[in-house]
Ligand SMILES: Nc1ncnc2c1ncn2[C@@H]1O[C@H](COP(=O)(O)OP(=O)(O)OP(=O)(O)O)[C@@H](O)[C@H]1O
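What follows is one chain in structure tokens, specifically the form predicted alone.
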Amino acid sequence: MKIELRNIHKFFGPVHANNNITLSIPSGSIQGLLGENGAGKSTLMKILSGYLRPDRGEILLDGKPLVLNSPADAIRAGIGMLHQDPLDFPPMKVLDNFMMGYPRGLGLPKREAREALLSLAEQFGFSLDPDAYVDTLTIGERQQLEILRLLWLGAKILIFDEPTTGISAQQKEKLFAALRRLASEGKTIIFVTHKLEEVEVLCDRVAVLRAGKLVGEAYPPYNLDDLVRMMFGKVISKGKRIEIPLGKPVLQVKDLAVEDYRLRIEGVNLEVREGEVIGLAGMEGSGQRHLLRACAGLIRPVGGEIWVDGENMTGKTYHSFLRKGVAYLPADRMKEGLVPGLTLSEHFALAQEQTGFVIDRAAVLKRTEEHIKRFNIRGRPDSTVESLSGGNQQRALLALLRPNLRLILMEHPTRGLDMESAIWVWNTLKERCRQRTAIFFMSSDLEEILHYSDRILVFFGGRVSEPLDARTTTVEQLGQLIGGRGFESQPEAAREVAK
């Protein structure tokens, strides 16, 4: 199915999110859509998938005009979209979510739906339990469920909006293989990303957006510097590693054990010092999140101790950890980090420590405006958080962090961010390190872990490696450990780092 977008315009108040975009995508191709955060990529794809109506312009499907008033219209036309944040119902089971939107609804025999789910999951190499509740899944698993659901609904044009941000390297390889197979079968794939390496290995063609406009198109072999210039108007690089002198211990984990019904990690011993960055690597669901949440007071350990600045915090509440200077940034921005329906100003009012019963709205507005400018958030004080792009939501979360924190715990700190935004985030975090804050983070991006960490812990099925020195560790070594190989034969140098 060939899709054409002609002269598409979309306004959000004074913001011209899509400015006269014309793009033609042939059937059976993998079309990349590249651009910085806030460039208009997601807006354009929401128009194509029926979530938004264009203010001007038209959509043609196989040469015929197509009017989409809802996502249901789009899926009937064969267009499905996987959003950055999966659209699902966490209190319900995987199988019930899989059946959502099917024309026969929940009246469809569950045995038939279960067979379809398991068959599709096997094709993609995904491991999903039909009887598990969605709120027990990782972000990556929830994305996998949505991909399978769209295919089952009969989508022939599939839009993937940053689909690799919550999945492991192994899962990404399986996904890319599946997308190539789908394209070879005549399906049209639109792959929205800000990652140049993904465009290079996957896409047959790429269109680049900047500030709401289509600024160029390219075909293999790609010149990555040219793509960066189109995205940002200049060439950008990560720069050298930032080394910061370490101070006294902030966090001490002693023989820690944490578990849930699926997984148990135990015997974790670690000391994190002022200014230090510890990266956690591993496949989704291997225990990294358990450790972070235990160190934030969000879950209680079943064994061992957690000390912060010399005080035993084991078993204490999240608010006790927060008062001790520990902050937690979750991966799921809209479910756990921000409050849908509230504005940026209202978030800053909630985040700051209250000294009385009355909120000083003028002071809150001033503070919000200052942080919007300082953190380069593309929004206004009265913008609701769900109206912001994923990258701007992440910037807002960072802006909401209180000053003088002792420890910041983060899940996927640059998830969904373009290169320039990711570099800015880490420069901001490293400035916190200079102020004696320690950082403990998990990421599926191995290059990010190696470049910004001082030491690395690798998780595999609840097992935790000895700390590795990030300066002497390679991507290949990390990949081996993530796959479960080499835990018993780690280099002696790595073991010395733990001492």
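Bear in mind that the values here come from a model prediction, so they are computed numbers and not experimental data. Numbering starts at 1 and runs along the sequence shown.
Keep in mind the form predicted together with this ligand is missing from the figure; the text below concerns it.
A residue is said to contact a partner when one of its heavy atoms sits within 4.5 Å of a partner heavy atom; A39 meets this definition for this ligand in the predicted complex. Within 4.5 Å of any heavy atom of this ligand in the predicted complex lies no heavy atom of T164. The closest heavy atom approach of T138 to this ligand in the predicted complex falls outside 4.5 Å. Although the partner is absent from this view, T43 contacts this ligand in the predicted complex, with a non-hydrogen atom inside 4.5 angstroms.
Contact with this ligand in the predicted complex, judged by any heavy atom within 4.5 Å, is made by just one of Q288, N97, N392, T188: N392. In summary, among the residues N376, S387, T428, T314, the only one with a non-hydrogen atom within 4.5 Å of this ligand in the predicted complex is S387. Contact with this ligand, judged by heavy atoms within 4.5 Å in the predicted complex, is confined among 29 to 37, 435 to 443, 56 to 64, 466 to 474 to 29 to 37. Scanning 7 to 22 for heavy atoms within 4.5 Å of this ligand in the predicted complex gives F12, P14, V15, A17 in sequence order. Shown here is a form in which the CA atoms of D85 and L342 lie at least 3 Å closer together than they do in the predicted complex.
The gap between the Cα atoms of Q84 and A351 is larger in the predicted complex, by no less than 3 Å, than in this form.
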